[in-house]
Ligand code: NAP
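Take a look at this one chain, the form predicted alone, written out in structure tokens.
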């Protein structure tokens, strides 16, 4: 069996990855080795009754013994270790959750339900680096990738509603802490005047009682229409990824589809949602669109465009912790018969992060 090194297994994405690998029986197919950047020699996880001792994630000699390496350790680690490994003539497969290698010419962004053909061609060409995509891009393509693959999309805008989990565990806890402080302050005023309650909450959000170390502003009772760093053209890097990564996933770097939008952080805990405006290159019946989306993979669920179905299913509450990607509010727009309105939601930690890595491992196996 292949020697597979797993780095960053204790973090949020790594923890979800291990849980999925256990559930799907992946550890029975490999000889796993668990690495740590700070706790080498200490006890690692127990898998199928076997206790593992942690290896040194900074040891190039140890890492060279792996046939496949899966890293959820983060971009700084990848930038430090990956070049050293390749320079030491290591010829194994590197599967990464971080963004550092995504846009490299000799790396492929992986989302096999959408771009398995691109992945297979890369393996045949001898490509060795496979990288998980941006969470919102991956979730968007899990929902409507069939429209791209059928060459129906002329251009698209995406307005995102991204959960706290996109920033990591500390960000999730900060949101919950903010909600706790707000709840405690509001409790004694709930039977009083609503305008006084509103004024008190507004004052609270501007006070130092709300911890904003992670987000830089309150997220509870609020939203933040800025994610990631600024680019010279006024976009954020998160918004830039929608164009650059979507086209790379689809193998369309030479003939890219225009994509833009605004990325917004909202008070959801774990799952991202997006409102899409899609300009088709020809008129297609809604029923045909729904059939394309529904049949694209077993994980996609088309939600009926009714208030009841929308409230029940087209939301983070319904998809969090599951592999479902829901797609709804599918309708033609007043802009014209070739314009689609679509809303999607999916789990940021599963299809948005861990699941493509797990599935890439199985493709290589």
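Residue numbers count along the first chain shown, from 1. Not measured: the values here are computed from a predicted model.
Omitted from view is the form predicted in complex with the named molecule, to which the following refers.
You can rule out all but one of 95 to 103, 197 to 205, 213 to 221, 122 to 130: in the predicted bound form, only 95 to 103 has residues with a heavy atom within 4.5 Å of the named molecule. Using a 4.5 angstroms limit between non-hydrogen atoms, residue 135 touches the named molecule in the predicted bound form.
Remark: residue 166 counts among the residues lining the named molecule in the predicted bound form, judged by a heavy atom distance of 4.5 Å or less. Taking non-hydrogen atoms only, residue 37 approaches the named molecule to within 4.5 angstroms in the predicted bound form. Although the partner is absent here, residue 282 lies well away from the named molecule in the predicted bound form, with no heavy atom inside 4.5 Å. Of the candidates 247, 73, 274, 178, 73 is the one whose heavy atoms come within 4.5 Å of the named molecule in the predicted bound form; the others do not. Residues of 335 to 365 lying near the named molecule in the predicted bound form, listed in sequence order, are 348, 349, 352, 353, the criterion being any heavy atom within 4.5 Å.
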